[in-house]
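One chain comes next, on its own, written as structure tokens: the form predicted on its own.
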Amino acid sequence: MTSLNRRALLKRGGAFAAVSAASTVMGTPLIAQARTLRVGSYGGYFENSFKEHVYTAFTAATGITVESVTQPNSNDWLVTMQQATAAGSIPTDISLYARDTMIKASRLGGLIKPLDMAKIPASSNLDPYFLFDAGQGVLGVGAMSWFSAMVINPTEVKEAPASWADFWDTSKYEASLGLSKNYNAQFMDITAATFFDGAATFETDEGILAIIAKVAELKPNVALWWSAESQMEQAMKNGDVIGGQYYLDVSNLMASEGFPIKPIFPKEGNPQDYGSWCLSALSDKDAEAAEFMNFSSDPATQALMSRKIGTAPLVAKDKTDLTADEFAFVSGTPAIKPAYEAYLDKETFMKEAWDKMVAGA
């Protein structure tokens, strides 16, 4: 879940109106005060915001005290949880996993356990896509999401593209676009959604090669293959590129600070990634975990996270009290769903073919 690790969230302190979430457990029955839950989340501003706004509101609503545990990105944390589970001791009851990590965990077995969805009724607010079921019951309940997006310099591009396919037009975008250099940065998913059959195209090696060949046709229009977020940010600010793919939240933040960048949701949509709450197999906090996931799935909590943490809600906008501007800052429609299984099953093949394409003339 490296997308959340890289966020420049410290900049966002004043981006949204304040939402009161501070609370106290004073007056809560003693039996409720004794209930605790260890929840893992990414450190820094992200974790601090959860502790200040989300966990306090949850404690006020349920009397359950949350012990926040700092976890690294999903893949590293999965290794930690494997080792801890093997030793019979776990650092958290609930962990925050990206979808690809949930897939890995479900294949390994014995690390996360199925949830009693009857005790998480608010999960009905979520699209079923965000309830991960690998055939053994629901193993993960969506927590929050984030987008990368098509971006343009509105002072240079007078007519906003209606489709990702417009970026292949050399008469408009020759040597002027910025794209991520990484094979798994979801531009392959964008290309598959624009020119092929979406995620289904990844099911064969031939389909993957066809996607990469189509991206190769775009190379005359690419001025920057960026490997660090700061490279694309600076290129947009300097006018070295006039469009490309970048993070939705950072793009909107830059625009709010007066820089020439505008994120767009074209007709194919933008890639949406997300994280889920998963219950550790050795945890005995099933009841508390269900209450936390139920609280997290409530539209009011989803809106709170959008305002205070900058994540996209996993519920429809009309279920929340988010204004149009607040929603557009973090989300939009339609969404492109990445081909997670293919990135796991065909990782070496995809990476080698992609890197060869980028490095080639």
Partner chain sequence: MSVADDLAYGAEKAAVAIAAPKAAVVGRVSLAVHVVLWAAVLAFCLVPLLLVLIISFGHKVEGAGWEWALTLENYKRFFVGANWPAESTSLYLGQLYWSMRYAVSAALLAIVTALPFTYLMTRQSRRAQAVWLVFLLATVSLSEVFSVMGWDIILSNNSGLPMLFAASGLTDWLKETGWFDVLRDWGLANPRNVKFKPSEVATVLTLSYLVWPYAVILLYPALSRLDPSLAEAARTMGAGPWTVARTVILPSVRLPLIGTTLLLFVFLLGAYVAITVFADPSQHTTAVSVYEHVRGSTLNAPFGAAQSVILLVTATAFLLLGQWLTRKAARPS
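Just so we're clear, the structure is a prediction, and the values are computed from it rather than from any experiment. Positions refer to the first chain, counted from 1.
Same protein, other form: the form predicted together with its partner chain, not shown, and the subject of what follows.
Engineer: Any chance residue 175 has a heavy atom within 4.5 Å of its partner chain in the model of the complex?
Structural biologist: Taking the distances in the model of the complex, the answer for residue 175 is yes, it comes within 4.5 Å of its partner chain.
Engineer: How about residue 223: is it within 4.5 Å of its partner chain in the model of the complex, going by heavy atoms?
Structural biologist: Yes, residue 223 sits close enough to its partner chain in the model of the complex that at least one of its heavy atoms falls within 4.5 Å.
Engineer: Using the partner position in the model of the complex, report whether residue 229 sits within 4.5 Å of its partner chain, counting heavy atoms only.
Structural biologist: So residue 229 does not count as contacting its partner chain.
Engineer: Can any non-hydrogen atom of residue 284 be found within 4.5 angstroms of its partner chain in the model of the complex?
Structural biologist: No, residue 284 sits far enough from its partner chain in the model of the complex that none of its heavy atoms falls within 4.5 Å.
Engineer: Given that its partner chain is left out here, which of 119, 113, 237, 214 has a heavy atom within 4.5 Å of it in the model of the complex?
Structural biologist: Contact residue from the list: 237.
Engineer: Looking at 124-132, 249-257, 177-185, 161-169, which stretch has residues with any non-hydrogen atom within 4.5 Å of its partner chain in the model of the complex?
Structural biologist: It is 177-185 that comes within 4.5 Å of the partner.
Engineer: Would you mind checking 127-164 for residues with a heavy atom within 4.5 Å of its partner chain in the model of the complex?
Structural biologist: Only 156 sits within 4.5 Å of the partner.
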